[in-house]
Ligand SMILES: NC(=O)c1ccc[n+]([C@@H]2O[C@H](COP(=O)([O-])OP(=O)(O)OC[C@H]3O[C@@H](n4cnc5c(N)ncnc54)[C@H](O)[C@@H]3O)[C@@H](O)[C@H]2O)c1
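In structure tokens, one chain follows: the form predicted on its own.
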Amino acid sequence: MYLITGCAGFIGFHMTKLLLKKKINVVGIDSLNSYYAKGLKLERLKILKKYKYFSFFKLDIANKKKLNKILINLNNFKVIHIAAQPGVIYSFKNPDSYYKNNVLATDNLLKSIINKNISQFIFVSSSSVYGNQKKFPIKENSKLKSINYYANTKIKCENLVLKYLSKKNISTKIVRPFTVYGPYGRPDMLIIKFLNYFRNNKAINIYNFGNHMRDFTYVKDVVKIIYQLSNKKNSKIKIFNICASKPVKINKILDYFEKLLDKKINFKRKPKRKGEMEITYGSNTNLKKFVKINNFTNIYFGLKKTIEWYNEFPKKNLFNLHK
């Protein structure tokens, strides 16, 4: 059995669906907050609820009392903690939300499960904890340099995991995914933004004049890897980058879009924004030594699959509602 926090979110949905397709029992928790359209989360949940192995609880894990009511009935389970307040730019506007939904929530979860019968605990952190680095590819032992409040809260969460679980007999891992994209993505994510703006004939703002480099990682690769990690035991806490280790310039992504859509895209190149990393380029060497990975999804193929999904998704208006 797995406990998945943030099961109605982007990565959480794909993680939960993967487990359910394997006929594994999943208890999913999500607060269904309003950072972006709640309807998109409900659409994801509608799919998950079709599986008989799925139990869902609408819950804010920052509420320890309500969380304990659910945990009291669970035994011998694995935890994948994905729930978080996402978004780099929005973290400057509403830092209190990030502290509550990331730091406080993680602290409450760890305190609540620390004496439970748990075999695995995986915390899904973020590549943003690295900030702007000078040496690439970025390794897990690189110095953390947060340049936005979102990344700062993720570092605090990682430290909480180390604090509470380093001396416990729980196989614990911290993963740092790099620029995850794919079907059912959030409206504020780059690829979905491109598609939505293109559909509405709006000009797309390209910051840093399109020179940002991103280590794009397809969401289905990410959740397959997390699943593999959840079945591997380790006595000491391990930290892994999850990335294709093949960074691509945003300008190149625009070229791919124009080719896949067979149309010119209206975009405006603008200066760099505060809090955004110039390059995300991770090393996946440690990951490949620990779990068996064949190949990461090629960015062109991943974009093609995402565009196909977007074109078929009936409720595109849900992507208009974001911060």
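Start at 1 with the first residue shown and count on from there. Small disclaimer: the values here were computed from a predicted structure and weren't measured.
In what follows, reference is made to the form predicted together with the named molecule, a form of this protein that is not presented.
Proximity of P177 to the named molecule in the predicted complex: non-hydrogen atoms within 4.5 Å are present.
The named molecule is not drawn, but in the predicted complex it has no heavy atom within 4.5 Å of V223. Though the partner is left out of this view, S126 does reach within 4.5 Å of the named molecule in the predicted complex, counting heavy atoms only. Contact between N33 and the named molecule in the predicted complex is found at the 4.5 Å heavy atom cutoff. Annotated contact segment (heavy atom within 4.5 Å of the named molecule in the predicted complex): 118 to 126, selected among 203 to 211, 72 to 80, 118 to 126, 141 to 149. Contact with the named molecule in the predicted complex, defined as a heavy atom within 4.5 Å, holds for exactly one of T172, N196, Q133, N101, namely N101. When you look in the predicted complex, the only residue of E43, E276, D60, E258 with a non-hydrogen atom within 4.5 Å of the named molecule is D60. The partner is not shown here, but in the predicted complex the stretch 1 to 22 reaches within 4.5 angstroms of the named molecule through a heavy atom at G6, A8, G9, F10, I11, G12.
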